[in-house]
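Presented as structure tokens, the chain that follows is alone, the form predicted on its own.
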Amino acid sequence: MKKSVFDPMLLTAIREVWSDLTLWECHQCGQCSAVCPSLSHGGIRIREIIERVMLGAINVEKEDAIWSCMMCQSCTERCQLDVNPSFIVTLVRNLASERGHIPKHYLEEARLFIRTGLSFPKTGLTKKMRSEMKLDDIDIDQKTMDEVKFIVNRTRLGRLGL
């Protein structure tokens, strides 16, 4: 297990927000880690993350492994106790984001989405690739940008102050 600083606020947050989750039923069987495609490439050790969350022994302000989860839901599908590990990772990511720990590439992508409505830059290369795939060029109209703004303001993304 990775050495972490005990975070008493994390336990409080878990109990307030996650009390209805089945997190507490996890018996650390490790089936979630066994099916994780990220782990095979040195990414997240989901069983370990769940254990550390249960103990309040994860420093979300410094934990980088949570950002390695690909959100493929394999761990959740595999869990026989319905612990829903991928949702727990999402909640930990939300808490990390609220505390200012967001990888730079995610920040840049979020800012681009807020500014343009796209999660990738519109460049000559992307236009060429879309053309080769016989896809229309993308033009984000004001109505779509209004919808993006509405979504951003109604979700945690809008509360991050990006």
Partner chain sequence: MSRTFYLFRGCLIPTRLPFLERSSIFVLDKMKVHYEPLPGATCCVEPIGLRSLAVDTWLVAAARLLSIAEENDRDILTLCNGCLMSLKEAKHALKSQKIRDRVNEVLAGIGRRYTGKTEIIHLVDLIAKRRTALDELVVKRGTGMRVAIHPGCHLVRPTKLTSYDQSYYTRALSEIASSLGAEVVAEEDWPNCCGGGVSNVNEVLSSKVLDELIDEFATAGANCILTPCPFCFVQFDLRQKRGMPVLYFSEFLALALGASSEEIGLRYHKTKVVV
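Worth saying up front: this structure is predicted, and the values here are computed from it rather than measured. Numbering follows the first chain given and starts at 1.
What follows is about the form predicted together with its partner chain, which we do not show.
Contact of S33 with its partner chain in the model of the complex (heavy atom, 4.5 Å): Result no; S33 lies far from its partner chain in the model of the complex.
Partner contact for L55 in the model of the complex: its partner chain, 4.5 angstroms, heavy atom: Flag for L55 set to no.
H41, heavy atom within 4.5 angstroms of its partner chain in the model of the complex: Yes, contact at 4.5 Å.
Any non-hydrogen atom of L118 within 4.5 angstroms of its partner chain in the model of the complex: L118: yes, in contact with its partner chain in the model of the complex.
Partner contacts for 108-140, taking its partner chain in the model of the complex and a 4.5 Å heavy atom cut-off: Sequence-ordered list: E109, A110, F113, G117, L118, S119, F120, P121, K122, T126, M129, R130, E132, M133, K134, L135, D136, I138, I140.
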